[in-house]
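In structure tokens, one chain follows: the form predicted alone.
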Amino acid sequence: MHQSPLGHTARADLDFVLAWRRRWADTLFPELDRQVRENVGDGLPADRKQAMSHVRAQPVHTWFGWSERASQKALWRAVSDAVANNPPILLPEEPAGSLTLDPDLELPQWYTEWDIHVQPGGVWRADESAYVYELGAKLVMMGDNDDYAFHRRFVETCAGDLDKPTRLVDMGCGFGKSTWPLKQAYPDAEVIGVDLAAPCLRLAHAKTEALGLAVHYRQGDVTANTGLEAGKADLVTATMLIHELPQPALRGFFAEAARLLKPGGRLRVLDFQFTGDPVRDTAVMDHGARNNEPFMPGMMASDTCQMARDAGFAQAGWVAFDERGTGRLDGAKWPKRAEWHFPWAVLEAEMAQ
């Protein structure tokens, strides 16, 4: 299953939104940072709410905040139109993996009551939603993830040194952007992707079939019980997931990951953490509200490493991640960057032997 080539109008609309988002990132954010440092100095209060009031008081902040949300809405309009005018085509290949959907699964209210990322209707209502999400995800990354190099780098630098693993589980797998790189890295292992959204799983299954990879996708709640056997996985991964979970579900995620893993098994979670740059960290907190991700500030302010230990992990810690090519960075130091970027980091946790 794949998308037919985009027409000129759709391509022009998407290029416009992409250019807008790049100017928001490389022009408006540096100006916001400059104004804060000029008008407040380098001494923003340690208290993030107080710091936020100083950042919001800068003249350019209104345009910075408006441009982020408005460009996000424009993104989904352009992507939705592109998908509607370029319907998916069914591929005839025989299945190489399997797909298990649960028509009786009750989706949690915290999952359905928000249009996460401002995507109208979310990712779970219809099959078209998954195609919209897939295409939109590329623009959210400023067009720098067209071949999913970001996710391959996560697998290579954060999960690429396992010794003959037998089972790998990708939690909140979406349309499979991190799942199939796991199968490519470990072709002899059983790879399972789990997600709440049936449309995303159908797309993930079709895309993985097109790659000739045998991956099992199943519908389930990774914050409660996936239905998978306990103590069988060598590795559990999650990318861009936990900042979308409320606190009870976040604790449930760590508990389920610990239940699935073997003694000595590993958890690798790619998500967001504070960088230590006060202007950037304050802007990230506001990003949650502007992008309909209400649980993001709570996750970032939580002691997620302690949550992991409470769930049974012997050790847990965050390391920085540079999406531009380096991937995992030793320690928690991000390189200096003038433009806006998401503060990617990887939570690394291990079960006791």
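None of these values were measured; they are calculated from a predicted model. Numbers for residues come from their place in the sequence shown, where the first is 1.
Unshown form predicted together with a small molecule; subsequent notes refer to it.
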Might E256 be said to contact the small molecule in the predicted complex, defining contact as any heavy atom within 4.5 Å? no
When the contact criterion is heavy atoms within 4.5 Å, does A82 count as touching the small molecule in the predicted complex? no
Would G220 count as a contact of the small molecule in the predicted complex, using a 4.5 angstroms cut-off between non-hydrogen atoms? yes
Using heavy atoms and a 4.5 Å limit, would one call H205 a contact residue for the small molecule in the predicted complex? no
Check W110, H117 and K177: does every one of them have a heavy atom within 4.5 Å of the small molecule in the predicted complex? yes
Report the stretch among 158-166, 279-287, 241-249, 259-267 that approaches the small molecule in the predicted complex to within 4.5 Å, counting heavy atoms only. 241-249
Going by heavy atom distances of 4.5 angstroms or less, which of L228, A185, L213, L196 would be at the interface with the small molecule in the predicted complex? L196
As a check of understanding, the residue in L235, V123, L75, I192 with any heavy atom within 4.5 Å of the small molecule in the predicted complex should be identified as V123
